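First, one chain by itself: the form predicted on its own, in structure tokens.
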């Protein structure tokens, strides 16, 4: 019996960049295939070929043994293929229900949209994630009012609303918390039992090991390995993805409490309050990497935004011993503070502009009037080289970059300003292992040079491996501070749940 989907020797080029050279995979009905590879390896391009967004230059798609060609996502959807892409497709001004059923609205005999049926069907879909969403989220909630994890779930519900034969999940768990991921995995088990095939793309190895039946590995646009997950170790897969970085775990020499005590206090926060924060107080020292942990939505983002002047706050913030009250990010920037946002597409990049323009967005004023373009281009080239940015050139659109390289641009534009305090909001979300390893080395260098780093990460291993200390947020407060021997996964998870470490299950 032929596989539900077979991809044979697909190739695709974007200008000078060969995104796919010889990509192949197979997935059967009722199984989950993990599509694995470093950023820029071709995973998203291959997904777009399967989904009809991109036309391949060579190769073949076989659906149920029959050759198919999709000239649009609509054609692929008609054939039973639905995709949740890494960058969401929701319309912010529309409601949850309107987004899910857009272009497929249930109609009355009169031809008018049947809003009652649309609402009921949406409630049925939302009930699949009951207990992991806030109680006041309804079919009538505008998407603009949703948190990132809620938008991701709506995107998933939109994809499954068509009852697909094949569901592609491209980094669909990156914005979800652990409860939501576990619920999604339970649903995947149900969908598989009904015969649905799943292609699962994730940079979280623990998720791949938990959910996948088989794997297919892409490297530089080529399929370099495939097999059963039962017969592969995590290191086997990492070696296939990027042999030169195999074993590149999170590692950074922590500063001891004695050494930290000798460093001057750069940032002090006392009783910081926002609509979410409920009295946060802390100190951060020069060259320290302070981690922020906790379940998603406990105030981590608000803490970073308040420091950066991006949200109203009360309390006291002292920078280098002097009180400050930033009401606009430009004020924070002028004091050497930089923020790398978690939503790189929505907040970090101008997608229709060039790589050069994106790198220089916060720094144009530094190049005079008229603009000293030669110096600006030289500085941008130096940052691109420092970050090993894989690109066709500085004038290429930033939209041409892979997810990991796009994130390098988001980080690089702030490094051009030589920040004294670097705020990072889950910066490695959706970034491959090789790029993460480069990023970790960069953070180590920055701290050694005296930059103070405050890092929120949804990856517990990342926090434990990188941070000198970790403060854990729970319900808008700091519930725990972990350092030295107490900085363990068990203690971090317990503190995230608001449980004393000694009582952790």
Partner chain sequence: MKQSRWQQATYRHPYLFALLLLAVAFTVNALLQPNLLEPTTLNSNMRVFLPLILVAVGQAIVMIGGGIDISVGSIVSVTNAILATQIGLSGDLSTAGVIMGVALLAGMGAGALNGLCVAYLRLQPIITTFATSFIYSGLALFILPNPGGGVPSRLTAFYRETIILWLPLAFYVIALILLIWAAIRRTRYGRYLYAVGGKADAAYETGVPVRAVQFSTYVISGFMAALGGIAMTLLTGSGNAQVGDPLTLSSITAAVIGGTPLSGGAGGVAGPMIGAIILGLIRNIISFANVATWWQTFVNAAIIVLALATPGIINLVRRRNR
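Bear in mind that the values here come from a model prediction, so they are computed numbers and not experimental data. Residue numbers count along the first chain shown, from 1.
Below, we refer to the form predicted together with the partner chain, which is not included among the displayed structures.
K.L.:
Just to be sure I understand the contacts: of 187, 371, 107, 234, which is the one whose heavy atoms reach within 4.5 angstroms of the partner chain in the predicted complex?
P.N.:
In short, 107.
K.L.:
Select from the listed residues 203, 158, 413, 301 the one whose heavy atoms reach within 4.5 Å of the partner chain in the predicted complex.
P.N.:
By the 4.5 Å criterion, the partner-contacting residue is 158.
K.L.:
Does residue 123 reach the partner chain in the predicted complex, with heavy atoms at most 4.5 Å apart?
P.N.:
Residue-level check for residue 123: no, no contact with the partner chain.
K.L.:
Does any heavy atom of residue 352 come within 4.5 Å of a heavy atom of the partner chain in the predicted complex?
P.N.:
Result no; residue 352 lies far from the partner chain in the predicted complex.
K.L.:
Taking any heavy atom pair closer than or equal to 4.5 Å as contact, tell me whether residue 140 reaches the partner chain in the predicted complex.
P.N.:
Yes - in the predicted complex, heavy atoms of residue 140 and the partner chain come within 4.5 Å of each other.
K.L.:
Look up in the predicted complex whether residue 261 has a non-hydrogen atom within 4.5 angstroms of the partner chain, and give yes or no.
P.N.:
Contact check for residue 261: no, nothing within 4.5 Å of the partner chain in the predicted complex.
K.L.:
Counting only non-hydrogen atoms, choose the one of 289-297, 215-223, 416-424, 97-105 that falls within 4.5 Å of the partner chain in the predicted complex.
P.N.:
Single hit among the candidates: 97-105.
K.L.:
Residue by residue through 116-155, which ones have a non-hydrogen atom no more than 4.5 angstroms from the partner chain in the predicted complex?
P.N.:
118, 136, 140, 142, 144, 145, 146, 147, 151, in sequence order.
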